[in-house]
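Have a look below at one chain only, the form predicted alone, in structure tokens format.
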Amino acid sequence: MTESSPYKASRRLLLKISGEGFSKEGETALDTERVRRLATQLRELTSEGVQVATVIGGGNILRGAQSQQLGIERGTADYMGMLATVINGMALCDALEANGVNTRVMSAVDIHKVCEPFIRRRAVRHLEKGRVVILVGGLGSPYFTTDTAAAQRGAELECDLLMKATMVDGVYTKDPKKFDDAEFLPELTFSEVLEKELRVMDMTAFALCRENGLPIVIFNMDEPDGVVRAARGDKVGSRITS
């Protein structure tokens, strides 16, 4: 952590990565270069003793809007999305292992051939041994987003920070892609998010973080060394605390 860092460094963190972060903008194919860059940052964190768990999205492979257009029932589409997260998780695992980082993929959906089942005590043990734990399959049930899975796993694994890597720089008063007068908000409290009716993540996920006092950092995945800097406590993106 640099001397100018306003927050303490994280000891154990939960990194939520959207599926779109695994592909180039506007594309659906897996972008191996992006995955490699992410793996490099996670290797740096683990070398500093930070315990890292990640929850993976699958939007680069299957989006909800696509499912609706195809007439796929919501429950079925959600299970398809869970399987998409497994593909991304396996890609990140391979990139980490290639960088010499011990990794375990743990799934909320039973896929014994390629993943361990998620068991809380086993996941904690992996983290304590310095392994990156990649959590796939969401929560294993439809109608729950990967944001909710990230908040739930972050609380369950007693993480001290939830980092949400997205395709925007942080929290704004309005959609910055649509409104030129959108104001960037670097620091917020949970109460301010509710008062301003800001959509930082789905309300179930937000409520879980608020109830468990789990701080949130929302930042752009393409920010240079953004994952490392946010974990160290540097000013990256927007931070939401109690």
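Note that the structure is a prediction, hence the values are computed from the model and not measured. Throughout, we count residues from 1 along the sequence that is shown.
A second form of this protein, the form predicted in complex with a small molecule, is not displayed here; the remarks below concern that form.
Of the listed positions (63, 210, 37, 43), a single one reaches within 4.5 angstroms of the small molecule by any non-hydrogen atom in the model of the complex, namely 63. Contact with the small molecule in the model of the complex, judged as any non-hydrogen atom within 4.5 angstroms, is confined among 117 to 125, 132 to 140, 155 to 163, 95 to 103 to 132 to 140.
For the chain shown alone, residue 172 is not a contact residue for the small molecule in the model of the complex, no non-hydrogen atom being within 4.5 angstroms. Although the partner is absent from this view, residue 72 stays clear of the small molecule in the model of the complex, with no non-hydrogen atom inside 4.5 angstroms. In the model of the complex, residue 226 stays away from the small molecule, with no heavy atom inside 4.5 Å. Among heavy atoms of residue 168, none comes within 4.5 Å of the small molecule in the model of the complex.
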